[in-house]
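So this first bit is one chain, no partners, the form predicted on its own, shown in structure tokens.
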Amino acid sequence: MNYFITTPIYYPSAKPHMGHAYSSIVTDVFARFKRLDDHEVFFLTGTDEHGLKIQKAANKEKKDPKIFCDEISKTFKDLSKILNLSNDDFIRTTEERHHKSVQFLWKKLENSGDIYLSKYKGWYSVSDEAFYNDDEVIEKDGKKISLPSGSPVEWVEEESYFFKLSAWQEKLLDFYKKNPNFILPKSRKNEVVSFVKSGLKDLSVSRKSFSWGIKVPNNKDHIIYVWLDALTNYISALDYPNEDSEKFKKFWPADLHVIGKDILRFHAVYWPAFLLSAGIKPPKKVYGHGWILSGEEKMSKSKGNILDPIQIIKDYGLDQLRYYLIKEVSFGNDGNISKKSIENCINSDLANNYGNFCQRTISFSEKNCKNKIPKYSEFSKNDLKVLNAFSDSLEKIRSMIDNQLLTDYIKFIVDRIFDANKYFNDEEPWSKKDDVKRLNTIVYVSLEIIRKISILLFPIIPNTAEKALLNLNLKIKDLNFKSIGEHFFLKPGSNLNNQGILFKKIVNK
């Protein structure tokens, strides 16, 4: 089975912040799980490097836009490595493969009769690279701002090519009806449907007032609208316009676009309309997650409230940050992070619960089972109860991932860790030294639980989960998701390999 998943294509007008890290980590969790579940995964991320906002940022730094993009895009590419993302490609919209794809798509839209030349008059946000209707603009402190984003807007009048978005209103509504899970979560779907029902206006898809972008074929005075350019990355990475390529046939339509809720309109309205007009299937699903807030506000360079993921990683560790973001930010909702809550999460969930269970089980095995996986005897009712919690839930867990229920997924894991510690405490293997068979069985069951939990945690905290599995002399490449349903996977007599403490507690001085 094939699975194509994407992050938003990031706009590198400034260095990446925690919101970028969150989108990337979430996407990586889905991609890693799907690989564990025997899918062939193509995971795409990259940078959107055209538009007026980039040109202005480059001019401010007195740099050529391409050189400016090379520098900033590199910070996003470097962040992919720092976050330990498993992406298969990193696309830049300044690449030749992308230019060819965008210009070909433009011609397809032209040939379909959906593009025409006229004049644009209206409100435009340079910050959002977005057009807004009159009813989406208010005056605040003497400035015009957009209601959806709070960004300043300016009045623009210029010759422009338009896409006949209005002609796609009923077709889009019909598409949403036939594909009820195309937009998630449902609250976001309701927003989009309401917006489309209120009436779609034709969309300006070119600009003449700046030069940094992909030129319109056969009219070099016009630059293709940055969002028509940017959205095309999802297919240009699959060798479009060669729809007969193995990569395109294998992975399109995309299974999941993971995006922030602020760019939902572009992905859920404009993107499917462009694709349908060009005779290309739309993606299967778009998930608009919430923002990572600093205080009560969305992070932005202009507000000066950027949280640096690299500094958080230096202070606390990568897997610690990955776990915290998945556990404490309810997927689909806004999330507020703080150092205090990060420290509490590390100490409670990772050090005291998961880390402690692994360490105490391995250490006990070293002392009482000759540092080997012991031979088990008949399983008791309690043994089977704690093991069957995994095997009975395979389809339920798979459904959580397929429906992007990350909060439920992490809750399932946390509950199993709690059960594991309770099992070990209740069974008291230290009091069974006169009953070696029972002691060995308790240890064997506990080691199996470590294996199962670590496999489930691997998509979230890959480095630490692999370290935990090395305790059992296992490597993740030799395991898959379905193996958590097996209760006798570990081979009695195999050596254990104590990796030491997995997580150090944060001690406030």
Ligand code: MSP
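Heads up: residue numbers just count along the shown sequence, starting at 1. Source: prediction; values computed, not measured.
Keep in mind that the form predicted in complex with this ligand is missing from the display, and what follows is about it.
Contact of Ala268 with this ligand in the predicted bound form (heavy atom, 4.5 Å) | Output for Ala268 is no: heavy atoms all beyond 4.5 Å of this ligand.
Residue contact check: Trp227 to this ligand in the predicted bound form, 4.5 Å heavy atom | Flag for Trp227 set to yes.
Is there any non-hydrogen atom of Trp291 lying within 4.5 Å of this ligand in the predicted bound form?
-> Residue-level check for Trp291: yes, a contact with this ligand.
Examine Asp88 and determine whether its closest non-hydrogen atom to this ligand in the predicted bound form is within 4.5 angstroms.
-> No, no contact at 4.5 Å.
Pick the stretch from 367-375, 231-239, 273-281, 183-191 whose residues have a heavy atom within 4.5 Å of this ligand in the predicted bound form.
-> In short, 231-239.
Taking this ligand in the predicted bound form as the reference, which of Gly317, Gly332, Gly150, Gly260 has a non-hydrogen atom within 4.5 Å?
-> That would be Gly260.
Contacts with this ligand in the predicted bound form - residues in 1-20 whose heavy atoms fall within 4.5 Å = Residues within 4.5 Å: Pro8, Ile9, Tyr10, Tyr11, His17, Gly19, His20.
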